[in-house]
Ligand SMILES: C[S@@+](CC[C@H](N)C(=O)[O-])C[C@H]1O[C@@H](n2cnc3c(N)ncnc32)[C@H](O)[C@@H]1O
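The chain below stands alone, shown as structure tokens; this is the form predicted alone.
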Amino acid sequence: MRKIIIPPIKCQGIKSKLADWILEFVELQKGERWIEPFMGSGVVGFTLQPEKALFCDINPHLINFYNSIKKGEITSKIAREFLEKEGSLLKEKSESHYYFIRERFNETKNSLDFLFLNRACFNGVIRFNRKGFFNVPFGHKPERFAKAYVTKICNQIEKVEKATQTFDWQFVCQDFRQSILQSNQNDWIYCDPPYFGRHTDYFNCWTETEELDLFDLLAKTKSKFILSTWHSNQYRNNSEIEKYLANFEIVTKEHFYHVGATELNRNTMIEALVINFPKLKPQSAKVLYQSQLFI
């Protein structure tokens, strides 16, 4: 069981509980590069600790945050001072200070404000409206930034600091199509896109057009790839997964998601990984073939 590196920015659908399972399929060789076209939290790549990596996302605020760490503009010390100061004001003024920071962030795009909002907003959701403004409401916890919680966040930042100083990690804001087209046979691509039919408000919408473009690019790539998606839940199956059945292997694992406004909306889901390379199957993985799906 490898140690999971929890990132300082929380994201909806974060793979912290699945990272160890996903990485059972990865055998990164020296000189090979890790690419994440949908960085999101980055927990899988952060946990893998590759020598060379390209972390990409279409959300500029996420990329700016990690580039600020890489450049030394945000350190664990700087973050601690900021969170202690703003956390104290949040405790005193409650939601009025949260909405003050939210308005300030939407005007200045400050990366530390982004961190504050991510950790103080409702359920750790990252969501922007059509104008590109962060619009998640307050999480109703004025005492959110207690000393232990601030230390936890700063420790997470410190791990990223050390990794960016040790490894060749690039953080780039770009569309997933560009990221995949930049890959070659010496790369590993890990894709964790918004789940079609489920999460469509992360930074911009995810439609069937994007879903089909992703499939076409992965079908043509010479890189090894792993695609995270959903297979089914108690209500329905993911019909989009059928197009991968002919040429790729699909493995599944049951997982419980905590994201949701109420307990009734937090359900068990069957997670799926689509892979395009031969691999001995971990005992934790259930292999699915076309004859076994959607029966």
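As the structure is a computational prediction, the values presented were derived from the model and not from experiment. From 1 onward, residues are counted along the sequence shown.
Just so it is clear, the following notes concern the form predicted together with the ligand, a form of the same protein that is not shown.
Stretch-level contact check against the ligand in the model of the complex with heavy atoms at 4.5 Å: of 41 to 49, 65 to 73, 234 to 242, 25 to 33, the positive one is 41 to 49.
Comment: the ligand is not present in this chain, but in the model of the complex one of N106, Q174, Q182, N135 has a heavy atom within 4.5 Å of it, namely Q174.
Exactly one listed residue, out of D113, E86, D192, D187, brings a non-hydrogen atom to within 4.5 Å of the ligand in the model of the complex: D192. The ligand in the model of the complex comes within 4.5 Å of no heavy atom belonging to T229. Interface residue remark: I58 is counted as part of the site for the ligand in the model of the complex, having a heavy atom within 4.5 Å. Heavy atoms of L273 never reach within 4.5 Å of the ligand in the model of the complex, leaving it off the interface. Proximity of W206 to the ligand in the model of the complex falls within the 4.5 Å heavy atom cutoff.
If you take 9 to 29 and check each residue for a heavy atom within 4.5 Å of the ligand in the model of the complex, you get C11, Q12, G13, I14, K15, in sequence order.
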